[in-house]
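In what follows, one protein chain appears twice in different forms, each by itself as structure tokens: structure 1 and structure 2.
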Structure 1
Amino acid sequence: MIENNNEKILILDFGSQYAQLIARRVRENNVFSEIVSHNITANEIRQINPKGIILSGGPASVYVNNAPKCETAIINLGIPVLGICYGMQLGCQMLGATVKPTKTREYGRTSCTINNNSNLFKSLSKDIVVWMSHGDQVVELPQEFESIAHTNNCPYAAIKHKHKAFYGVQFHPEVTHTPLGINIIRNFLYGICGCNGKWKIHSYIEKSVNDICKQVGKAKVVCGLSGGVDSAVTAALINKAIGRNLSCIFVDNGLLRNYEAEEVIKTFRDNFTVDLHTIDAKERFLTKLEGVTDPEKKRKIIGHEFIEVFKEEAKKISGVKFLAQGTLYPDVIESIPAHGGPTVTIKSHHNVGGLPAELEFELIEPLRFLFKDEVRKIGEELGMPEILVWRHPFPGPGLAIRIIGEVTKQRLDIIRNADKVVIEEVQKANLYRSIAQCFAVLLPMSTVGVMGDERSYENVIAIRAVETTDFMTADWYRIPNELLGLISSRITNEVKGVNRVVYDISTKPPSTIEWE
């Protein structure tokens, strides 16, 4: 792990899908954060010596058998602790409080009244809006506690211990639906934990470059390029550290967007002085995907074939000892529960733990503890082209998971042409930077239509556009109706085989951003 200084906040994961949001909010306050398992011991935490500890939410009830718990000794370390939702209930229970199911569950925006001016709510007004999501709550507190906030249905919406540095909130300050949640987290970090806020991207770059130099020495590194910002920034960081000892491999798997392979090759040759190897493997991937419709099988086939192609090319480069990957923190957490924590796996990521041990390369993942917006900041600091830094995220399996069902050359042509229209019109409307991600999806159905004077029975394209800062939660983007109409008209007129266009207005959760 790479960090700028010894100042750190540990987030104990109890299965919350929002654990990453907590980490993001901490980092937004210029304090480094790391998500660890709830099974971490008090001794391990003592050795890490964090400035503070946050207990995440989670789907379980603290009073049921096998509920995830941490050592009570953690709360007695003298390190400030903030419990959020399940984390608050657990901490309170360990310190003698009673937790039971509520008669009236609270979900969504809720009015909350602050009882006193504790450090946690410093400079906040008495009445605030918070986001609740709970069916259990603390119903009885020992005398050592005091309630510092309440709602109509929750007398202990926030609490503090009178003698220990333990605070708890029943609501979720990490979500944007708690408008002053970032202030509450800041108060915990600075007013309670005594952080100084030295987590900066510039110093991260310096530390990362130094660490890469120390790890690699004079050996060679090979890096797989996708053309996206993650692999590009990885390559740029390593190139800054070791120069020409970096070789990059770009595999054209035939699942890229229109002219994407050409753009990737040109961009890297124009902006980087690295040894670039390009492999045309389009037919190879299509053959492997023939007849496959299950999305997870598609991901695994593509990941496995990428490994084989990459491995064959990497072995041709002499002196390579290290493999670089553009793995991000969300990839790690979504694919493998953090340090064995209970977070539910949503989908597999082909770039996490993908390349096999027989390559005999040591792994370098300089972005492994970063979020997407932090990676973009690094790209800007390194002077990378805007077209790379702000390119919308594109999944590793490419268009294969934007084609629902079997991947064929004909269906790839349809999705490529439809996606091209979407991106072109969004860029013309100057909305590309406002939208976090937009793309087309080819659905596994045909619908009746009229083309000219004839009946048609052709494909359906879905348009997906979202706004988000962290990609853990997302809202659908309100593309103006006129623009949607233009996109639909162009697709049905210009893309052969499509007679219907629909717009996806789902949020994440309950949906994911990608359809597969």
Structure 2
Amino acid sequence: MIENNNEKILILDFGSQYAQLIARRVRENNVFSEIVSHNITANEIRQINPKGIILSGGPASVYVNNAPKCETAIINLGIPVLGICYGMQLGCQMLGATVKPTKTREYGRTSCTINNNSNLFKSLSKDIVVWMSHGDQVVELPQEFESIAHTNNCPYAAIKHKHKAFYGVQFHPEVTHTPLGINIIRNFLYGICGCNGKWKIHSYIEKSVNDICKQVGKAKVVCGLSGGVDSAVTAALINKAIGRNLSCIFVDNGLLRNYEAEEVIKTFRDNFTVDLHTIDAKERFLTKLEGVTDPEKKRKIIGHEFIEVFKEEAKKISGVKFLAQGTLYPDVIESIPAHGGPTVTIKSHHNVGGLPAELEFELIEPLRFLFKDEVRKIGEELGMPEILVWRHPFPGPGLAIRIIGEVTKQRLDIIRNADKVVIEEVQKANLYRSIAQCFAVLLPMSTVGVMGDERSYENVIAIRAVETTDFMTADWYRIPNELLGLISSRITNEVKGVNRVVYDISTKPPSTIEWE
């Protein structure tokens, strides 16, 4: 477990879509936070000894059978507790309040009036805007509580217990639609929990490096570099801890973007002292993909071939005990069942196509408590180039699933060159960081065109650009028309074999981000 100053906030998850957001807001205030199942016991919490506890929201109603609960003893530990929405209702119910469905449900922006100067609202004006999203609310409060804020429809928009450090807010301070929500969270962390806010990415790096040294000792670690930021930062952190006892394996499967392989190799050769093994497996992958058009078959072949190549190379390195992986916190959280069960199990697809099981190495995952933006900050602190740190996500099967139909060398050249134009122009227009992912797709068809006085019958490129934070849902990005025009004309002029460019304006759902 990695944290600094032993200062931690535990977030008990009752199935809220905002649990991750709460964790991020706490960390943005320089306090480490961790999401745990609501089934955690008071005893376990006592051992962890957090500075504060947040009970998240959740989709259930506290009065129904099987509603997710937590031990009442948690509220009596003497550790400050903040209940948010469902978390407030649950805490209040456990302490004797009544919760019922509301007559008028409150959703969206709502004016909220602060009743008195509670330290939760320190330095806030009397009237604030908050984001509400509830169909139930506390209707009766025992004497030991006081209401510290209300709205037109909700007399207990925020409450505090008179004798225990229990606070509750019916609204969501973690979302940006509650403009002063971050101040409320800060008041809870600093004014109520007494946090000192020394959690910084830099101290995280130091702590992480120490932990890796302790875990690994003199053993060797092997890490697969993919070209993406997660595996690169994983390798950089481990390298800082154990130097050349880290061996990195970079498999060039021929399905990478323009100059991607060269950039990764150069970054690690120039900046780190790792034992770098680069394997040119381009032909091997192409041969296996010959004649294959089914997307899932492509994925399986590529995943399987990667394991084979990686295994062959890893076996050549003697004394390897650990396999490093760039698993991130959202992957870990997703695998915590909101309604109980064992805490953390990693989803199988994050085990790089089953590598750990096959190789019987112990896993080492230095990023498993970090969000993507925190990983990027670490990358920057460790001196990694911007191009690597801010690179858009790229699927494991690479360009193979952006070529609809058969993957051939010629079609790879077309897609790589078209993709290069898209990325170059988006970067020049300073839009690269506002777009979550953008790329070119090669369609399995030819269309008629005219070039000079000649008829042409050539390929179609589709451009895809999306905005999203979680990649589960996405909107198509409104690239300005002039820029789209520029990209289109550059592709048809510069990429041999293309005479038509189209723009994908579908959202996810019903579409997906990738075309295959």
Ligand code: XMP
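Reference numbering: structure 1, starting with residue 1. Because the structure is a prediction, the values reported are computed rather than measured. We call the rigid core the largest set of C-alpha positions that still match within 1.5 Å between the two forms.
Taken from the form predicted together with the ligand, structure 2 is distinct in origin from structure 1.
Core-aligned CA deviation for Asn253 between structure 1 and structure 2: 2 Å or greater. Once both forms are overlaid on the rigid core, the distance between the two CA positions of Asp270 between structure 1 and structure 2 is 2 angstroms or more. After superposing the rigid core, the Cα of Tyr190 is displaced by less than 2 Å between structure 1 and structure 2.
Summarising the core-aligned comparison between structure 1 and structure 2, the C-alpha atom of Thr507 is found to shift 8.9 Å.
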